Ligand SMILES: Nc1ncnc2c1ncn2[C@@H]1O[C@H](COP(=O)(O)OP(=O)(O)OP(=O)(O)O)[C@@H](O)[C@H]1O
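Heads up, the chain below is alone and in the form predicted alone; it's given as structure tokens.
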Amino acid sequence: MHIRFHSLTLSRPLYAKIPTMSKRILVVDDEIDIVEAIANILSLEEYAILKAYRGYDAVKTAIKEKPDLIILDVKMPVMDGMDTLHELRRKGFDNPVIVISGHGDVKTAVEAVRLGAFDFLEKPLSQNGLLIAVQNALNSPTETETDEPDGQNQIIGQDPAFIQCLRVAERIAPTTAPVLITGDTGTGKEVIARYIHEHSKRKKRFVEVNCAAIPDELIESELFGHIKGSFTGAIADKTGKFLAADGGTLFLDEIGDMSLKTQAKVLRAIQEKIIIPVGSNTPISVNVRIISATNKNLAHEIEENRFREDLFYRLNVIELKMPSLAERKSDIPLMIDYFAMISGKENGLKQVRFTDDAKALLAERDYPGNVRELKNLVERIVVISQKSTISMEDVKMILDNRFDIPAGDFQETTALPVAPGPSEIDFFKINSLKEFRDRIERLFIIEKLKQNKFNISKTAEIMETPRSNLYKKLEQYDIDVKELEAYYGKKT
């Protein structure tokens, strides 16, 4: 599910026609011309169209006809879209609903999602945006079967700097041009990469590779695959990421951390559109679109002979710079609303909201970790406060580590990233040597991160291990550095 607070129009469609098996769609709007326009677009795609011009008629039609999808306007007389959506859910209509509005705002969108809307689109609708939203909604499982989305993967924002990024992303999506996404850590580079893929003509997989998290000795196998017996430990054939993404998109995250040796092989794969698995002499043709991302200045890396200039020009056909949260501060209240909603649902709380002064207080803060840091902070506040309405004073107390929890109200929760100290673990209850070693190693890494103010490079240096190996350990032990930093604070 994607929440969109923007309206984009393309000069040409990028929607690929897919058999619909006469899915039925109910279009609801008090403006007859809009109903007809939407109906005409959808009819050309072989959808069966039902129409209603008032909310109460829509409810009657939906209960009787049980359409596969409803496209519902917000502003209608007598019974508006929000009331209609609420009534539909009350009467047990579980199929997806796409809400549209010419008066789109943050409160409307958040309320629509809270009431169970699958998507929110703002008028004037683009033909492509409408068709993709419809396709996604019809291909989705019912609400009761859907896992709660990760708030960090949503398209959230209406700040001009962010909207400009989206406009560029949607413009370039239907092309095959490689894209280099730059920006600070936590700005949402993976989110925008997925957005480009979803709006492209490539209907196959989106495959991600974190180049910094894979040791140099394994990354070639990870990217290109290997055959059984090609090296010690290769007990079976393995499909590499390039081949897994064939016909789709390969996202090379943290490309600036890739070794020069691997860069040369990636360059060859991009240029010749072939790969050779480790241990094989047989080339395999692949057709992938490369989207890469980095928080490094690659021009500087080239000057320092750490990045190949020829690969840079292959990757940097189109550069898309993600703005930092400091450059789009007007989006912070919007993100707080959404992250609070997601975190509340995940933790058994309903309709969690921050007061305006609480959001204003959080908006004044600096977020070096950008959107990721803000999300973690909001979740921390929601989990600790355990309130449906969170005030500025609640936020201040938690930011100051003053937890006003009455006696008897404390509930143990696993949501807080607090690692137990060695004295709190009964190591003699651990049966295997491996589990003992893993527990100790995890505690050691967390403690070193705290001592080095969560600087991964410095921590790796102190631990006398390659940074790529530390990334691998963080992933192995499910250690979220930004989450730890948000909880413990930068001063440890």
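Residue numbers run from 1 along the displayed sequence. The shown structure was predicted, so the numbers you read here are calculated from the model rather than taken from an experiment.
The form predicted together with the ligand is left out here; the points below concern that form.
The candidate stretches are 172-180, 366-374, 297-305, 70-78, and the one lying within 4.5 Å of the ligand in the predicted bound form by heavy atoms is 366-374.
The contact residue chosen from 359, 328, 202, 241 relative to the ligand in the predicted bound form is 328, the criterion being a non-hydrogen atom within 4.5 angstroms. A heavy atom within 4.5 Å of the ligand in the predicted bound form is found for one listed residue only; from 197, 226, 189, 289, this is 189. For the three residues 184, 254 and 339, a heavy atom within 4.5 Å of the ligand turns up in the predicted bound form in every case. Looking at residue 335, you'd find a heavy atom of it within 4.5 angstroms of the ligand in the predicted bound form.
Of the heavy atoms in residue 245, none are within 4.5 Å of the ligand in the predicted bound form. Using a 4.5 angstroms limit between non-hydrogen atoms, residue 156 touches the ligand in the predicted bound form.
Taking non-hydrogen atoms only, residue 162 approaches the ligand to within 4.5 angstroms in the predicted bound form.
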